[in-house]
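A single chain, nothing else alongside it, follows as structure tokens in the form predicted on its own.
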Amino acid sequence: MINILHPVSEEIFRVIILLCSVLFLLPGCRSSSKKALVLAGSTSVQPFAELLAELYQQRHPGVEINVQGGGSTAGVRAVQDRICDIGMCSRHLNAAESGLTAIPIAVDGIVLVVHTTNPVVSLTREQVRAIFSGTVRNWREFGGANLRITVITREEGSGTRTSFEEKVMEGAHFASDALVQDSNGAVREIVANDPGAIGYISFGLVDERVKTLAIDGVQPTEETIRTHQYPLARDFLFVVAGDSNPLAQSFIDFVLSPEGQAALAEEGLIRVR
């Protein structure tokens, strides 16, 4: 029996699904009298892009903007293949992604979140690595309760995961029993309902249902993230191939305008302008 689920095929499968979903949208957009713009990529950037798209469409009723997820890697590939107009990315572009223009639209922090009853308030990056690699399994090792740690991570291809791997894991593998989720919202929901859970999500999506932890003694705040004092600060990017088309450029200009930046700030992100 041939095993078609090759170890590297999961990411390829995700890209195919994304591209098919975007292609499914395009004919309808083109047959409409409205001008169409398609964004795809990072699920961390997605909810903020959807908000901005809604605001832009209110001011430009002749425009239809479709925002798709799929992960940063899939979004970048969709731009490279001219499947979408703007890729959403929550990590730096790599060497294989040359020929593209990355435009920072906001600054975000990858924030460690735990259950609100967890007494732990701060961890070092080394301790975080020990937790997520499965080296340490109980919260009592860090001054917490005698409670098994539930590790929650993001899926392969996620820009949030890639940034976390670069900034924290440093080549270490995630625990084999880590729960893998496909969005920040899913991570937040599990943490909010599991006293032993720990996960990482976008600063802009933190709410009262979860508790944030300091890393290396630095709390994630708007100021520490904006100045990159917080160790896990990162840029949210729009990615375009060469010169963006006029509609894409108009939307990007709106996102970088005082109105667009204010909308992002109201949602918990930090302005780049």
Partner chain sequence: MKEKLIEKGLLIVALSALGSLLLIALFIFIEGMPLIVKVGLKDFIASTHWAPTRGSFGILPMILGSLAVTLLALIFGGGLGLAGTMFLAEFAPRWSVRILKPLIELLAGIPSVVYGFMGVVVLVPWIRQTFGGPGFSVLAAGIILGIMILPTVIAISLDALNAVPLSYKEGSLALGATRWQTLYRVQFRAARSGIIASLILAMGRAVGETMAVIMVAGNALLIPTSPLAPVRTLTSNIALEMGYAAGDHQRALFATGVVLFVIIAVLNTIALLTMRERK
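On a predicted model such as this, the values are computed, not experimentally measured, just so you know. Numbering follows the first chain given and starts at 1.
Keep in mind the form predicted together with the partner chain is missing from the figure; the text below concerns it.
Participant: Considering the partner chain in the predicted bound form, which of L100, L123, V136, A178 comes within 4.5 Å of it through any heavy atom?
Facilitator: The residue from L100, L123, V136, A178 that makes the contact is A178.
Participant: Classify N193 as contacting or not contacting the partner chain in the predicted bound form by the rule of any non-hydrogen atom within 4.5 angstroms, answering yes or no.
Facilitator: Yes, N193 lies within 4.5 Å of the partner chain in the predicted bound form.
Participant: Using a 4.5 angstroms cut-off on non-hydrogen atoms, would D182 count as touching the partner chain in the predicted bound form?
Facilitator: D182: contacts the partner chain in the predicted bound form.
Participant: Does any heavy atom of A172 come within 4.5 Å of a heavy atom of the partner chain in the predicted bound form?
Facilitator: Yes, A172 lies within 4.5 Å of the partner chain in the predicted bound form.
Participant: At the 4.5 Å heavy atom threshold, is E141 in contact with the partner chain in the predicted bound form?
Facilitator: E141: no contact with the partner chain in the predicted bound form.
Participant: The chain here is shown without the partner chain. Which stretch in 104 to 112, 124 to 132, 164 to 172, 83 to 91 comes within 4.5 angstroms of it in the predicted bound form, by heavy atom distance?
Facilitator: Stretch 164 to 172 is the one.
Participant: Judged by heavy atom distances of 4.5 Å or less, which residues of 136 to 152 approach the partner chain in the predicted bound form?
Facilitator: Contacting residue: only T150.
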